[in-house]
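There is one chain below, alone, in structure tokens, taken in the form predicted alone.
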């Protein structure tokens, strides 16, 4: 097995649910993302977190409590390696933001350590280790890990690679994201969800998911967004956690967006546009909305990342 002294990898942000597909749809954003660097330890077999940047000192430095190190441990077990590893994490993603922050850290770490050991596993074979890291924070599901690792828009029907399906990406799909300066932990966002829904709601929700997938295959962005906005179960339950949700949706459409949904568990909101120019106008308007409300936030313009996680360098 070819090994290196160090390796660095990048994993993109992701949006779980894609509006109406709770826990079964996800997509990767071109930006932002996390970068993880791993190095072989010559003085022991432990996994050590050497540094974390960009988290404001919030993330645990204990290797047993960080998604990146837990995922690396799972990978090393998969390849039956006992080497020690040092991990350096650069957070490009805000925490508790609805952008798949914990998933990106786990994915970037596993892709990096796989490169460190000469890539004994394929990208698809890395999924279980990534899921072990994600499970530490957000549960054992792949609506963020899948797209962050593989890229694109994905349908996720389980936790094995055979359960992840790549869906078509409309050519003119652009996003304006606004991440308000508040945190919505995934556990809190899940706690407000209804445990029971009516048969009528189930039929409506499954129909909307079917319309969304159909529209993707027809490259009909307008129909895609109409389906994305059709959630009658999750968004209504979480709306109270998202400041200015209705105002943001109205403003985004006034500026040319086709629609707006909550990204994952929120509070990031994702406006879908049909051009980069429109996305810039919408992002600027959303930034102004939250600044004027004294909430503040970070607006971004991005597209679907069709590549997924990748190795940046090995030495």
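Computed from a prediction, not measured in an experiment: that's the story for all the values here. Positions refer to the first chain, counted from 1.
Same protein, other form: the form predicted in complex with a further copy of the same chain, not shown, and the subject of what follows.
- At the 4.5 Å threshold, heavy atoms of residue 122 stay clear of a further copy of the same chain in the predicted complex, well away from it.
- Residue contact with a further copy of the same chain in the predicted complex: residue 82 places no heavy atom within 4.5 Å of it.
- In the predicted complex, no heavy atom of residue 242 sits within 4.5 Å of a further copy of the same chain.
- In the predicted complex, at least one heavy atom of residue 157 sits within 4.5 Å of a heavy atom of a further copy of the same chain.
- Partner proximity in the predicted complex, defined as non-hydrogen atoms within 4.5 angstroms of a further copy of the same chain, places exactly one of 68-76, 179-187, 201-209, 92-100 at the interface: 201-209.
- Shown without its partner, this chain lists 167, 135, 161, 86 as candidates; in the predicted complex, only 167 has a non-hydrogen atom within 4.5 angstroms of a further copy of the same chain.
- With the partner removed from view, the residue among 194, 236, 139, 118 that has a non-hydrogen atom within 4.5 Å of a further copy of the same chain in the predicted complex turns out to be 194.
- Looking at 10-31, the residues that come within 4.5 Å of a further copy of the same chain in the predicted complex, counting any heavy atom, are 22, 23, 24.
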